[in-house]
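This document opens with one chain alone, in structure tokens, the form predicted alone.
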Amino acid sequence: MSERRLMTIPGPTIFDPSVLRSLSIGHLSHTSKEFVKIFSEVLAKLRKLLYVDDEYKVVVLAGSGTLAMETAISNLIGKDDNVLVVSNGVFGDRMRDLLERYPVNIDIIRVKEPGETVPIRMIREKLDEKDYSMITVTHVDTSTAVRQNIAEIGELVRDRETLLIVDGVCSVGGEEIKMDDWSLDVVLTGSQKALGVPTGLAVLWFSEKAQRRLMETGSLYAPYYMDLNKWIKVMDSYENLKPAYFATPSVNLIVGLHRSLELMEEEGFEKRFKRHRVISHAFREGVKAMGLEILPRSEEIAASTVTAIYLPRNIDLNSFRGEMLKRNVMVAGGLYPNIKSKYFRVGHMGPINSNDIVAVTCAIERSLKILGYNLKLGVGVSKVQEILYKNNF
């Protein structure tokens, strides 16, 4: 029998046992009354997660977060549109790479150093230079664990025709997002991170402004499978408890998503977001107490879903990850070019709890100590425990 391994990579995350059990449902047709009811409830619950009403459209596709990115972009662009990409890291750059396949004009604002976010001043200046059809931004870039203030960007486009497209793959379900209040036009994510469902679902939310643009573009550049004008009709039909077909939905994963959303509602969305904030803050402070440095330049921009941590200079990444695995804890290596071997990443999203993060902190301390790093065992754990205790976690 294999030992339980604590998965603290930034996705796929650990999954609640009841979500995994729900996936084992037997043969269930995508047109059955049982599934139609489940899917209708999923779409309604997803709106609640981002604090929007039924004027916002939600689409769930069989695919990944990257599919959600390309679905949003390809459906909403026109020939020679100006698009502004705000990049805080690897996944902001991926949006640029994706857009280069389409007939649009791309401007990109990148951070000068990893661990920073793009200043709102720079975004405002670009918007004043020319008319952009859309801005794309990664809410939490998984490569650096920084969180961009998307509410500030939303304020900039509130009275413009510019659409704000938010990559929420590493934030939705773990970070508070008020889509309507913050003037966000498209938010997208994948199932395998803070939504707490195995890989395989792409989820997108659309404002009324985005829906109007969709009617104008007619999904001209969207691949056949990603045609939102077809998928929105399917989603509308399911919400009205009438099965519809364009391509077969991922039935078992949608059942799993239904269970995960039930768990979120039982916990309460506000309490869920607070849990992520407290656990992540406690973990960062524990890491700092060990004498380690995190990538985000300030606590204000540090994500609640993932933490990126520089290794001591004399510690090899592969050796460190190997020592962690000996303690049944899996962490991820770096992703940012030129420094990827100098840091590691810990995901703390979905159903992860206080006991999990204490165990991870213990494993980090012991692994570093074995590899020759000079620290007093328990210094990080003590700090984590102190913060958790103060917040009654």
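All residue numbers refer to positions in the sequence shown, first residue = 1. Everything quoted here is computed from the prediction, not taken from an experiment.
The following text describes the form predicted in complex with a small molecule, which does not appear among the structures shown.
Heavy atoms within 4.5 Å of the small molecule in the model of the complex are found in exactly one of 215-223, 112-120, 147-155, 191-199, that being 191-199. The partner is absent here; in the model of the complex, the one residue of G350, G334, G347, G65 having a heavy atom within 4.5 Å of the small molecule is G65. Note on contacts: among R259, R275, R94, K126, the single residue with a heavy atom within 4.5 Å of the small molecule in the model of the complex is R94. Residue contact check for V42: none of its heavy atoms lie within 4.5 Å of the small molecule in the model of the complex.
By the criterion of a heavy atom within 4.5 Å, L46 is excluded from the residues contacting the small molecule in the model of the complex. In the model of the complex, C170 approaches the small molecule with a heavy atom inside 4.5 Å. Although the partner is absent from this view, V60 stays clear of the small molecule in the model of the complex, with no non-hydrogen atom inside 4.5 angstroms.
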